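Coming up is one lone chain in structure tokens, specifically the form predicted on its own.
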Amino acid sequence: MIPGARLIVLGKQGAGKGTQCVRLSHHYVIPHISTGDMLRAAVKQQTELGREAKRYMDAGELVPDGLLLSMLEGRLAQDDTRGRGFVLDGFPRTTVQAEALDALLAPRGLDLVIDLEVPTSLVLERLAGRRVCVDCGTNYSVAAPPKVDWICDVCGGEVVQRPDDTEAAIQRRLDLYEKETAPLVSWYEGSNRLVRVEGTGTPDEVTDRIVRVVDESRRTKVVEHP
């Protein structure tokens, strides 16, 4: 069996993080942990953490780091992640969050942090054409729509354009990402845990690139620590 892995995938919105995280989850047989999905599920299920998070979200405020870490700590304590690892999507976004995550994952830590690099012009094009199911969150695009009249193939929900997927709103999110995440990328580079991977091309091509760098990193560590 292919050994598991403990991975983080970074990248701009529209870089293909979600697609690649699902693919890496299947390849390494590890859970795909999306903090965004966890938040939405907790709010929908009206858990104690979900109710607390909803108060911030309804007020248009960011969910505090402590609340996100509490949710993440519970997920990482489950048997599937403790045994084989995980691919983490959407967290961390700042160096403060990364430091807290390191403390949470000690002593084993991470295997690798992947930074998916995609030109801003391509990201804008992808996001402007993105469509999403209002019920289950499945992503589509104008180039790859659902099979029947913008009805979700997965759950039958309505597929629409998100109100914040206008070009101006997208550009604001990208600017914020660059401001927040540039220091995070440098922080992980400083500890020799980050690799940059070209995110253009077909999903298969991008997955192959990521798998190569993850497996090469694993081989290198074995040589360094026989």
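If you superpose the two forms and keep the largest set of C-alpha atoms that fall within 1.5 Å, you have the rigid core. All residue numbers refer to positions in the sequence shown, first residue = 1. Note that the structure is predicted; figures quoted are calculated from it, not measured.
Only in words, not in the display: the form predicted together with a small molecule, which the text now covers.
At the 4.5 Å threshold, heavy atoms of Arg162 reach the small molecule in the model of the complex. The closest non-hydrogen atom of Gln97 lies within 4.5 Å of the small molecule in the model of the complex. Of the heavy atoms in His32, none are within 4.5 Å of the small molecule in the model of the complex. In the model of the complex, the small molecule lies farther than 4.5 Å from every heavy atom of Ala42. Listed stretches are 24-32, 63-71, 44-52, 187-195; the contact stretch with the small molecule in the model of the complex is 63-71, by a heavy atom cutoff of 4.5 Å.
Put simply, of Gln13, Ser217, Thr19, Thr207 only one has a heavy atom within 4.5 Å of the small molecule in the model of the complex, and it is Gln13. Interface residue among Gly90, Pro145, Gly137, Gly129, judged by heavy atoms within 4.5 Å of the small molecule in the model of the complex: Gly90. A displacement of less than 2 angstroms separates the C-alpha positions of Leu110 between this form and the one not shown, with the rigid core held in common. Positional change of Gln78 between this form and the one not shown stays under 2 Å at the C-alpha, relative to the superposed core. Relative to the superposed core, Gly90 undergoes a C-alpha shift smaller than 2 Å between this form and the one not shown.
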